[in-house]
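Okay, so here's just one chain, in structure tokens, the form predicted on its own.
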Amino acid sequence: MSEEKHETKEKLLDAAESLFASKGFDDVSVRELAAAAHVNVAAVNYHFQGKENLFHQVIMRRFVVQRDRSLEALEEVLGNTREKPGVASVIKALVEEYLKGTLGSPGGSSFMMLLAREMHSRHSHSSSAFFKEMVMPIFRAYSTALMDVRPCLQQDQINWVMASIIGQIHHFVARWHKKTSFDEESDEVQILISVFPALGQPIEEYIRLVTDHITAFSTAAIDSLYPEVTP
């Protein structure tokens, strides 16, 4: 692919990610996508064979990196020979990489809003291949790891635990995304920070604080609901 064609494709992906996140798939037209990317309308079909495939590629482009980083972080935790991994270390790996991949990367919070919007849409436009190739490997790997470090956990309990952790992550991502949607000196931002002071911290510190909270909160919940069984 020539450099010019690659640049056009990336412009469309960037524009689509932003528009789909803010308006949803159905309310974004091909003409609007082309205008936002400053390219010809025909470029959408030429590079992506239509809006639906463009949507799929937007998700795949970012989530491939997210998937691989999450799995590598878990492998590092499980491969630590100095100490046996516990529930907290597994949860921290999941939360930290999720937050770094969204809040810690340009456009990441918008992408998370896109996924959240898609999850609550009546008509899903992402293919089942995305869930099989992207979501399920992470879910299976971390579910297995949690059951390994806490053998008393059953699969149905793991499902609730994972849903709770991901729900917390989405909540704190949404809070940061909301803050950054306003001007830094606006009254809205000052109100948000007064209610939740962590939002006033730099992004790296916010990620650390949120990671520590979700890890501690979720670990305590698991210890309370599903305590480790001693022989």
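So that there is no doubt, residue numbering starts at 1 and follows the sequence shown. Being a predicted model, the structure only gives us computed values, none of them experimental.
Below: the form predicted in complex with the DNA, not depicted.
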Self-check item: Exercise: residue 197 in contact with the DNA in the predicted complex, heavy atom 4.5 Å
Solution: no
Quiz item: in the predicted complex, does residue 167 have a heavy atom within 4.5 Å of the DNA?
Solution: no
Quiz item: Is residue 182 close enough to the DNA in the predicted complex to count, meaning some heavy atom within 4.5 Å?
Solution: no
Quiz item: Would residue 29 count as a contact of the DNA in the predicted complex, using a 4.5 angstroms cut-off between non-hydrogen atoms?
Solution: yes
Practice problem: Decide yes or no: are 152, 219 and 227 jointly within 4.5 Å of the DNA in the predicted complex, with each residue judged by its heavy atoms? | Solution: no
Quiz item: Given that the DNA is left out here, which of 69, 175, 47, 56 has a heavy atom within 4.5 Å of it in the predicted complex?
Solution: 47
Quiz item: Of 163, 203, 42, 65, which one comes within 4.5 Å of the DNA in the predicted complex, counting heavy atoms only?
Solution: 42
Practice problem: Please determine, with the chain shown alone, which of 187-195, 57-65, 33-41, 167-175 has non-hydrogen atoms within 4.5 Å of the DNA in the predicted complex. | Solution: 33-41
Practice problem: Any residue of 171-210 with a heavy atom within 4.5 Å of the DNA in the predicted complex counts; write them all down in order. | Solution: none
Practice problem: Based on a C-alpha change of 3 angstroms or more, tell me if residue 20 and residue 163 lie closer or farther in the predicted complex than in the shown form. | Solution: farther
